[in-house]
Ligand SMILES: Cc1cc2nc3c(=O)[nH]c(=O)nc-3n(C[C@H](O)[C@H](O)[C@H](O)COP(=O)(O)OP(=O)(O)OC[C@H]3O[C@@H](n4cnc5c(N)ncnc54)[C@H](O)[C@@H]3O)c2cc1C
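First, one chain by itself in structure tokens, the form predicted alone.
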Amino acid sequence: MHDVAIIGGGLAGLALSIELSRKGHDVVLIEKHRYPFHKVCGEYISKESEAYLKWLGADLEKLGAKRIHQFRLTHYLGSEVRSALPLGGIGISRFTLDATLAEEAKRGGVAVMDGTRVNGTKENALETTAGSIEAKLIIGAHGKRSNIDKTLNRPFIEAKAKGRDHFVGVKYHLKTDLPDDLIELHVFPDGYAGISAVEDGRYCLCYLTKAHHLEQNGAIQAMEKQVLGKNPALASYLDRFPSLYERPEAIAQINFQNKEKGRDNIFFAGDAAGLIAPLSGNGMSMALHSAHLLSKEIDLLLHQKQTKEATLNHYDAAWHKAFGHRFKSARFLQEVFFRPTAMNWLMKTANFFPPLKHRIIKQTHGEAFFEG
């Protein structure tokens, strides 16, 4: 029997596996895809996570990550805002970063089972396509939405989301002539798209929109022309810059909300614990930070220094202390983004009062959380 079984090999799952393994625990990590693979993600990470990533074994410079210091925001009604990023960020693809951390996990003794799907959980066992796996504790780091959530009857799956909360996310890489130290955000009706540099001369384009636009247009390319194309800057990019993917990565039924942090014998990390609006640029950092917070509590539990109830309570409190404010800020900003008049007014105000730009950006970012 393993000490810990982790469902999902994204950033949260990989970080947890490495950290717990270094603390002497027997860890198995199950990922349904085979590394390396692409996934829907903005691929911009705030600098608060840089020290932790280095400690985990990801040398961002050697991986070709881009340093991002400038920000541009456009609105389809005509407003535009430019600003320096007060804290700065990093552009790195999940294709490269996740595969790098997976190799580091293997070197550290983690049993990495990629290409393996978890079909269900029962007490201390996982039923997978590779057979049954037993562990003292189970951690769900399976991302935004999974069949595991359904089998566990999690509240956010059971509840019928309001129409305004149904989203689809689309991501692919482009070849562009844009500056590699710039991240751009382009607002279009019922959505927004981010574009920024990653390694190897590639640029990540990732966007979020209401699901009904895809239903109405029938295909992603048609939706991009009819909906995203209403923002002139974005329309120009879609015409000028060729996609480096045969077909884009896409995910549906996205709901941005706080979620339960655990129950019985399972704890949740990363997007499985709470999904922040992507305009904050903080999803990757939150996944890593939540893993770090949970690893401390799991270590104490495995050493029998606290109960499962105390572990969950401490983790829940630490999570809300770390992310509660920015979670609310990002949700509020997303509401504004979907109100054209209010968003246009906010952008014009920010141009007349530059400190407002910096304050808004800082509301969605955190301080460095790891010192080594």
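Since we're looking at a predicted model, the values are computed, not measured. All residue numbers refer to positions in the sequence shown, first residue = 1.
Below: the form predicted together with the ligand, not depicted.
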{"item": "Interface membership of Asp271, the ligand in the predicted complex, 4.5 Å heavy atom rule", "value": "yes"}
{"item": "Contact test in the predicted complex: Arg117 vs the ligand, heavy atoms, 4.5 Å", "value": "yes"}
{"item": "Contact of Leu137 with the ligand in the predicted complex (heavy atom, 4.5 Å)", "value": "no"}
{"item": "Contact label in the predicted complex: Ile254 to the ligand, heavy atom within 4.5 Å", "value": "yes"}
{"item": "Contact residue in the predicted complex, chosen from Lys210, Lys296, Arg154, Lys144 - any heavy atom within 4.5 Å of the ligand", "value": "Lys144"}
{"item": "The unique member of Lys308, His314, Lys47, Lys39 whose heavy atoms fall within 4.5 Å of the ligand in the predicted complex", "value": "Lys39"}
{"item": "One stretch from 70 to 78, 226 to 234, 262 to 270, 211 to 219 that, in the predicted complex, holds residues within 4.5 Å of the ligand by heavy atom", "value": "262 to 270"}
{"item": "The ligand in the predicted complex reached by all of Leu11, Ile30 and His33, non-hydrogen atom within 4.5 Å", "value": "yes"}
